[in-house]
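Starting off, we have a lone chain in the form predicted on its own, written out as structure tokens.
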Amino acid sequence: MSIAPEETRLPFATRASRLTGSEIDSSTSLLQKQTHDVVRLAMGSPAAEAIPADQLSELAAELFPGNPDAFDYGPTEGESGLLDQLEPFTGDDRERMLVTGGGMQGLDLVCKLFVDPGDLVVVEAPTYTNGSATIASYEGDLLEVPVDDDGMIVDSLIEQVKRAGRLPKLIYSIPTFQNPSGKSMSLERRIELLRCAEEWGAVVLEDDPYGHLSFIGDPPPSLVELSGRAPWVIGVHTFSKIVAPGLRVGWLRADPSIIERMINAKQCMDTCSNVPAQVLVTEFMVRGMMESHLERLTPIYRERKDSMLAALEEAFGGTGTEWTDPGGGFFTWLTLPDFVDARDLFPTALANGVAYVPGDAFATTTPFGSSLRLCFASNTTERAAEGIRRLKLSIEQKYEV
């Protein structure tokens, strides 16, 4: 006899109730169900034409036929050839690196090792919703610290920690071209954040998917580098934004003693990261394709960012609407007048053929009801401009303005 789900009493772990999933990733499934034309400004995906599909396909055709090793299990720490290439690419030692299944597995491994139930964990507000969801899944208590044009407001962090009456175990930051705001933390604040973390005995988790996508020259040094590669600072990186997200290949930078523990943890998760994808990325780097690819990407994304900001100015200039002007990465953060509720607006916008992520998806306690995240990277300049036109139309229809 079958039992209806509501009649079952399964002994779920406490953490199961905190597995919220990702509103960002769920948007992919939602958009797949739409039958009308939708300008997709929601998912933080590379532009289709920015993915080196032809080069990767040619490499696959050359590397994989008759090569069973490319489809076997691999070492948990990553393929030796890829680790060799990551050394000059990152300026770090291979003993300090672990290849992961995209950046998300890196975030999960750090939380698995360092977050106990009830630990205080600092996050930015707004922040990458998948990062905060991962922390919550390990039952960490989120302490949200606001962000301004210079990144996380460290003075506010210090004040909030005092009010909390306990020290944070982990500080999660996206200091360079932050998701979702596009803002970057100033050098002064990076130094102060590291000083606080060292004083408090906190681990710093630096999420850096966009550091190679700068429109303004070299961004400030990473937290890993500024700390002198201190063992309490861990960097998470990915090829998803700079090569192709479907490869699901990323890497971690951490002290070798932490890497050793992460290898043990990863062996209980997936044994090793995708070997064929690692082989592809390795050869892509060995043949010097990465350098020319990144040189090609930067002007594409800079032009798309400038074009989207121009479209926003044309549509919303003088209306009290604000948006960020990122120095790199994928996103701008749009804050509409207070009468607009971005989540309430979303069904109208989707019906009119434009998708975005509502701002309240990027925080748990901080209100961002009139804000939303727009990805300028994924669409052509003309397509993005059409998306902004549809967004404006949706606001006019919903609020009769």
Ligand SMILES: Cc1ncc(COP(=O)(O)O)c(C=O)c1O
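Please read these numbers as outputs of a predicted model, since none were measured by experiment. Residue numbers run from 1 along the displayed sequence.
The same protein also has a form predicted together with the ligand, omitted here; what follows describes it.
Checklist entry - Is there any non-hydrogen atom of residue 227 lying within 4.5 Å of the ligand in the predicted complex? => result No, residue 227 is distant from the partner.
Item to check | Non-hydrogen atom contact residue 179 with the ligand in the predicted complex at 4.5 angstroms | outcome: Yes, contact at 4.5 Å.
Next on the checklist: Within 4.5 Å, heavy atoms only: does residue 128 come near the ligand in the predicted complex?
Outcome noted: Answer yes; at least one heavy atom of residue 128 falls within 4.5 Å of the ligand in the predicted complex.
Checklist entry - Counting only non-hydrogen atoms and a 4.5 angstroms cut-off, does residue 190 reach the ligand in the predicted complex? => result Because no heavy atom of residue 190 falls inside 4.5 Å of the ligand in the predicted complex, the answer is no.
Checklist entry - Of 234-242, 87-95, 72-80, 306-314, which is the one stretch near the ligand in the predicted complex, taking non-hydrogen atoms within 4.5 angstroms as near? => result Answer to the contact question: 234-242.
Checklist entry - So which of 151, 219, 102, 326 reaches within 4.5 angstroms of the ligand in the predicted complex, heavy atom to heavy atom? => result For this set of options, the contacting one is 102.
Checklist entry - Which one of 169, 112, 248, 302 is close to the ligand in the predicted complex, taking close to mean a heavy atom within 4.5 Å? => result Exactly one listed residue reaches within 4.5 Å, namely 248.
Item to check | Heavy atom within 4.5 Å of the ligand in the predicted complex - qualifying residues of 61-96 | outcome: Read in sequence order, no residue approaches the ligand (within 4.5 Å, in the predicted complex).
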